[in-house]
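Presented below, as structure tokens, is a lone chain in the form predicted alone.
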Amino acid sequence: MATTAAAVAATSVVVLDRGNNTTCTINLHGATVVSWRVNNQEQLFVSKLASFDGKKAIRGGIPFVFPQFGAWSFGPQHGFARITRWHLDRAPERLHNGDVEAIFSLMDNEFTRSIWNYQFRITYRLILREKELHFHIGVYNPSKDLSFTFNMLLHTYLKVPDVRRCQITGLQGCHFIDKTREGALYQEGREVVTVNEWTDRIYQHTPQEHVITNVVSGRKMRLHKYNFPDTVIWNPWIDRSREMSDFGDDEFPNMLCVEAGNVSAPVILLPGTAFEASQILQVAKCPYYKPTKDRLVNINYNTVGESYHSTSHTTGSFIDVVSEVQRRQMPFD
């Protein structure tokens, strides 16, 4: 853990190693998490045909989508963050409790301004715990005059033995945009959502937690999110798989995208203000834990002390406190 940020940044890959064969690997191209192993079991799907040429987005892992979700008239699909080299602000460092963290950042540069002419700074903090991976994001607008709007999403590809056996909780009653049916709006009636065909849905105003069953080794993956009101569910199935040069025709049964983000409505960021969001992935072997509303679902600014206003706080301290509140309310095996 003594490696300096400058030395690590000279390469393209950053590795967080907690010991006990629990690691997280981040490619600086897009700050894409390309591997997360818990007790030597890989939790994320990366296509065998994924490109690592430093130009194209990496097909799999957890790409960082910003400032656009989907097709974009100004530039590449899903924006430029996932195809831009990020900076390593803090090399992997072991914390007092044994967890390991690293911090990455992306600022506007000549390339981004040629597409999207705004100043911005993103701070991306990852923390590797024994059976969890934490993502803390701050987006800051340093301009004195200009506001900007953006979408943001963590495009998480989960590795699964058979996507048809997976179930996703927390979507019943939510409205969703079905991109496989020309963007028609529907309401989800199922208690658990399953995937048995080409699926591309934006679920709106989703709860803070989803549990995905039958992931690696038949376990459950718990996804907890803060300030990400939307959840995208995606699997290309066989026909769309054949249309992607960086995705194997036979790979669709072994992946499921469950993506937390702000996509159905853009975030508006005023000059001098910051936006924060977080996600926690937890490998669970215990029975599904359903929090009571007053314990977890209603986490808000007052839960962590004084009312928070993005105009007067830096991104780091508030995210740290929210993460600790979330962690204390999560069950551990």
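Heads up: residue numbers just count along the shown sequence, starting at 1. Keep in mind that what you see is a predicted model, and the values were worked out from it rather than measured.
The next section is about a form of this same protein that is not shown, the form predicted in complex with a small molecule.
Only one of Thr84, Ser143, Gln167, Gln77 lies close to the small molecule in the model of the complex, with a heavy atom inside 4.5 Å, and it is Gln77.
In terms of contact with the small molecule in the model of the complex, the residue from His136, Lys131, Lys220, His155 that brings a heavy atom within 4.5 Å is His155.
Shown here without its partner, the chain carries Phe120, Arg125 and Phe275, none of which come within 4.5 Å of the small molecule in the model of the complex through any heavy atom.
Listed stretches are 229-237, 167-175, 97-105, 189-197; the contact stretch with the small molecule in the model of the complex is 229-237, by a heavy atom cutoff of 4.5 Å. In the model of the complex, at least one heavy atom of Phe69 sits within 4.5 Å of the small molecule. Taking non-hydrogen atoms only, His29 never approaches the small molecule to within 4.5 angstroms in the model of the complex. For Arg242, no non-hydrogen atom is located within 4.5 Å of the small molecule in the model of the complex, even though that partner is not displayed. By the criterion of a heavy atom within 4.5 Å, Lys159 is excluded from the residues contacting the small molecule in the model of the complex.
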